[in-house]
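First, one chain by itself: the form predicted alone, in structure tokens.
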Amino acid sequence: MQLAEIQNTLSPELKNPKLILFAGDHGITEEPVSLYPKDVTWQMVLNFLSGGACANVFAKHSHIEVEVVDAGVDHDWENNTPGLIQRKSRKGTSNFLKSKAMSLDEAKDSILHGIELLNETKYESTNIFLFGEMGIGNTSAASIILSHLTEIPLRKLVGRGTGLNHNAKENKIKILSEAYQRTGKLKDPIEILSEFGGFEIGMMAGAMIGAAAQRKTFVVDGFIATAAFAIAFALNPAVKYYAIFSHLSEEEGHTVILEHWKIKPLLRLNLRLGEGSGALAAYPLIELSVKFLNEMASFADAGVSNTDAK
């Protein structure tokens, strides 16, 4: 029904679906908030480009093209790295425990870059996007962004990220709480993005706004994509009509935030992988819903007796 309403037809279609993965690095990884070094970000970008990641496997199954965007990866690529869309603002954000993650202009630009990307002519034939991300440290940024935008206590939103144990998680909460105290409570979404980043979150938020402006559906992946949605929603509440929330991730804060918004995602698979994997897992269900609406016979069509209840 949501797709039918968006497309203003009782026969909706899914045209030329695209998975766009936004990648960026985070200065907060200078602190012990992740099990993995930030080099994993650019290494995974190369893995996406070579077709070896989970996202590639899932996307191939559904005949979805994968596009990778360097929104702010701390790496120098070889000239003309095949398949990489380069929109780098700079090589990662600053350490938001000590200073702003990015300037206000950089925060605005990251959102504008996302809007501009969706306006490119190569996407004219696409009417559904799947958005994912890659960025070591971005669960830290997402937690603190969502806490500011929803006023949910930070402790309830901070999770284990890539697999921190209990003590490491508590230390992560301590670090992020200190970063929160550095700024105090913030309400403006651009200022919040500026203080905490990252470039991939801002650009994804812009892409969501861009998709909604074109009356196109987008599928939200997990916790970090939900933080991007929160920024987009704060800037333009109409984006919610075009968003399909694919799954409930294993990251504790995702449960809290979706319950806060009274959103019921399509799947619950205990994933914490990111990279659009949950959106891709949900896509076949979206396809089935379209086929159901377009192809299933009604009782009248099938000659089935209807109820005689008065």
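Numbers follow the displayed sequence, beginning with 1. Only a predicted model underlies this, so the values are computations on that prediction, with no experimental measurement involved.
What comes next is about the form predicted together with another copy of the chain, which is not displayed.
Visitor: In terms of non-hydrogen atoms within 4.5 angstroms, which of the given stretches 255 to 263, 44 to 52, 64 to 72, 24 to 32 touches another copy of the chain in the predicted complex?
Guide: Among the candidates, contact is made by 44 to 52.
Visitor: Answer for Met1 alone: is it within 4.5 Å of another copy of the chain in the predicted complex, judged on heavy atom distances?
Guide: No, no contact at 4.5 Å.
Visitor: Just to confirm, Glu295 within 4.5 Å of another copy of the chain in the predicted complex by heavy atoms?
Guide: Judged by the heavy-atom cut-off of 4.5 Å, Glu295 is in contact with another copy of the chain in the predicted complex.
Visitor: Applying a 4.5 Å heavy atom distance criterion, does Leu288 contact another copy of the chain in the predicted complex?
Guide: Leu288 belongs to the contact set for another copy of the chain.
Visitor: Can any non-hydrogen atom of Phe245 be found within 4.5 angstroms of another copy of the chain in the predicted complex?
Guide: Output for Phe245 is no: heavy atoms all beyond 4.5 Å of another copy of the chain.
Visitor: Since the partner isn't included here, can you check whether another copy of the chain sits close to all of Val57, Ala281 and Ala302 in the predicted complex (heavy atom within 4.5 Å for each)?
Guide: The answer is yes: all three residues contact the partner (heavy atom, 4.5 Å cut-off).
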